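For reference, the chain that follows is the form predicted on its own, supplied as structure tokens.
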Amino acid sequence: MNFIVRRVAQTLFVLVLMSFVSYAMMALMPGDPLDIACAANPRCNPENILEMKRQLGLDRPIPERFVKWAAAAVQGDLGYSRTYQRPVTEILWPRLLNSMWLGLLSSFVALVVAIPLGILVGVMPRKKIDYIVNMFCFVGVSSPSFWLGLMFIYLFSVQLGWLPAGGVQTVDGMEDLSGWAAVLDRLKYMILPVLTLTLLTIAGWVRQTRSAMIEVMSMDYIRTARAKGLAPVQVILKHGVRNAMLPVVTVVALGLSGVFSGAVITETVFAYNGVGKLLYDSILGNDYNVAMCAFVVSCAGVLIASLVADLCYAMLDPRIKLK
């Protein structure tokens, strides 16, 4: 329990520190929204800008402004979006839900495929199947996500016409869809982005699992287990897989952080309204409140994933004590 309390405190400290750094960087960025708004108004002059900044508190020191923003954020007030003309909470939570669906589906499929496949080629190194899987993994690791997404759009949307090229749901006639029809319509738009993220994730996870299995299967305790007469399946599953999962847990946990932070490139390519695309659009549009909140959510996802990985270590290895 002490370990969990200590790690949660560390997580909160890092989150606050990263939030302050992000807030300071955005405050120092050129292209202030007030300057942009004043440039579009011929009657606006520098004195007007200074007065507006004074009224909004933008002339105060950055630490003071950050404390005021953080106090409001803790109370649920995340500010107002200049681009969308709505409160940030009304924009952020639907996008977060979209990213969670995309991340959970792609991570689940990747886990189901990558871990067993990595174990298989890990216990059969330098066999024909190992060379074949390695070749596909190298291709997957080397393929940029934007290129892979564009190739899928060209093949399945432009050439074959099977799947939509982007978006999250059918706009026209959506009011007539309900129940399973609405679910199937939503899934249809998620197939290509999920496929893109899954293939890229599988390649890295298979390589990591394979390397861990090869290393573990050469250990002395594996030879001892075999000498005792244990069945090969017992040796692999009971002694090999459990120990090989320790380094894999870190990679998988950090990969799962994308459930909260979104996939910026993939969501942008497929015009998928998730947190990643929201962060990208907000930075381009100088919408600081939305960009700040999206960045904080992304940082929180990575920190939570790291905490979960530490807890999983103790479950897999009894030698690790959470004190």
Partner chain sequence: MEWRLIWERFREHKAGLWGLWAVLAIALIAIFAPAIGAALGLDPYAQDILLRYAPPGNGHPLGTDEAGRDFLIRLIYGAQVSVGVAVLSTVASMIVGVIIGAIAGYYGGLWDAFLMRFTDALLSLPLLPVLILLAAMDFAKLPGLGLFFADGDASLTKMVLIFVLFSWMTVARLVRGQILQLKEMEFVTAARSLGMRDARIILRHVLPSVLPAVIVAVSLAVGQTILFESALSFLGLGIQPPLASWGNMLNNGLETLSAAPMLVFLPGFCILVVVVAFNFIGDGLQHALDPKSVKR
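Residue numbers count along the first chain shown, from 1. Owing to the predicted nature of the structure, the values given are computational and were not obtained by experimental measurement.
What comes next is about the form predicted in complex with its partner chain, which is not displayed.
When you look in the predicted complex, the only residue of Met135, Ala181, Leu230, Met219 with a non-hydrogen atom within 4.5 Å of its partner chain is Met135.
Contact with its partner chain in the predicted complex, defined as a heavy atom within 4.5 Å, holds for exactly one of Ser143, Thr83, Gln208, Thr250, namely Ser143. Partner proximity in the predicted complex, defined as non-hydrogen atoms within 4.5 angstroms of its partner chain, places exactly one of 191-199, 234-242, 145-153, 98-106 at the interface: 145-153.
Looking at Ile265, you'd find a heavy atom of it within 4.5 angstroms of its partner chain in the predicted complex. Though the partner is left out of this view, Ala72 does not reach within 4.5 Å of its partner chain in the predicted complex, counting heavy atoms only. Put simply, Phe66 is far from its partner chain in the predicted complex: not one heavy atom of it is within 4.5 Å. For the chain shown alone, Tyr272 is not a contact residue for its partner chain in the predicted complex, no non-hydrogen atom being within 4.5 angstroms. Using a 4.5 Å cut-off to its partner chain in the predicted complex, each of Arg126, Val139 and Val302 places a heavy atom inside that distance.
Taking its partner chain as positioned in the predicted complex, none of the residues of 93-124 brings a heavy atom within 4.5 Å of it.
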